[in-house]
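Here you get one chain, nothing else, as structure tokens; it is the form predicted on its own.
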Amino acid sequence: MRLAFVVQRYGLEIAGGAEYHCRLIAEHLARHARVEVLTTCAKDYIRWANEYAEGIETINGVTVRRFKVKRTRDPEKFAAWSRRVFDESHAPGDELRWLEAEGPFSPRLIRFLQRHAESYDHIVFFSYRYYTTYHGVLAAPHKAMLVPTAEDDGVYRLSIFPPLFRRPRAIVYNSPEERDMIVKSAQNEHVLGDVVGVGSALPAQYDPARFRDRFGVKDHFALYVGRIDRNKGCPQMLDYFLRFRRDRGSQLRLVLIGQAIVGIPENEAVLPLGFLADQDKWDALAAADLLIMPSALESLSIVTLEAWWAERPVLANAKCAVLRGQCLRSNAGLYYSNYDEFSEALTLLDQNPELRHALGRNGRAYYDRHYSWEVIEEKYLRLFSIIARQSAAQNPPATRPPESARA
């Protein structure tokens, strides 16, 4: 079996989001098939500048074929097209121009798919809202499996996307909430699909004492891992946390791991550590009392699953239906929709180690049941098998006439 994975950018330096999701799946399915990744030369998702060399390389045993981005993103033009398609009356053609402005605009990648689609048994596309996925699925729908990684941000309701969700041979959803959202919008119940998600690159071991010694963290702390960004709900989290400290007299600290896109208050209760290596992240999870996940827009949240694997409870933003659903299904986290709920839930977790440990154990059991690599790989292989059987039934091999007839 030969598989192609199509994703907007790909590399070891890209540590989160759908790109990391794609890399983990590609590397694990490489144990079952010949895998090739088709991607761009971009490293930065803001402008899509060509930073990697065009051509073929190997990353962690997977062949990666890169294509140049023809035109980088102009943030002002993209913002203007976004205002038009989301705030004004417009035509479907405007949405296609918005999609092109968002990028990464790589016609070379699409032409390669048009010419070579038959070289692959299945082509797996990641993230529905990018140029490479939209035009790639349309170039080879009969080979396409789509991993939408869709968030409840309204983009999926643009008129160009519901028809896209009806085109692939199969769709791999990250959660029941994502599946319900897309099915309701696209009415694509007839498309084969399953809720699969992704596992993680789990460590051989982790050491909470090593983290505390290396970074001088002696207190109990809550942890946030990810971009420190307005879109991730971080300003509200920081505001809520510092109010909680004042109101409750708590000595709990907040440790932040990730690149800061917004300002961080200078306060001894908040410790920003910047971007850290994976081992440091796992040591931090092991040392933390809990993980806070403040984003209102997630299709899965890998770090939430990682916290549960490390047996740590999660405090999540209830406005994200996916996170709320994951907390309910796992019985491994609490959630909040305003400051009062944040303060009450964090007080419970801060003051009740037995509750933290019980929720953490539930989280580990939930991870092992749904997100171990054995489970993830089996679900992908099952979908590939169903598609192959359907294709064989639709296109049976030609049979030779019996000898008597040929005589």
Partner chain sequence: MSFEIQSTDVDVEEIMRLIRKRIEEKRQGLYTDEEIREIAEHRLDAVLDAHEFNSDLIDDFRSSRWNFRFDPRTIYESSRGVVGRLLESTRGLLRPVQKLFWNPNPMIAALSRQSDLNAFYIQIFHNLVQEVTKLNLEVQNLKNRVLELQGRLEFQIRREKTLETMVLRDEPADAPPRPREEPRG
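Numbering follows the first chain given and starts at 1. All figures in this text were calculated on a predicted structure; none of them were measured in a lab.
What comes next is about the form predicted together with the partner chain, which is not displayed.
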Which pick from 53, 49, 355, 375 sits with a heavy atom within 4.5 Å of the partner chain in the predicted bound form? 355
Identify which of 185, 331, 119, 279 has a heavy atom within 4.5 Å of the partner chain in the predicted bound form; exactly one of them does. 331
Quick one: is residue 33 in contact with the partner chain in the predicted bound form, heavy atoms, 4.5 Å cut-off? no
Looking in the predicted bound form, any heavy atom of residue 156 within 4.5 Å of the partner chain? no
Quick one: is residue 60 in contact with the partner chain in the predicted bound form, heavy atoms, 4.5 Å cut-off? no
If we define contact as a non-hydrogen atom of the residue within 4.5 angstroms of the partner, is residue 42 a contact of the partner chain in the predicted bound form? no
Would you mind picking out the stretch of 63-71, 25-33, 335-343, 364-372 that comes within 4.5 angstroms of the partner chain in the predicted bound form, counting non-hydrogen atoms? 335-343
Relative to the partner chain in the predicted bound form, which residues of 214-242 have a heavy atom no more than 4.5 Å away? 240
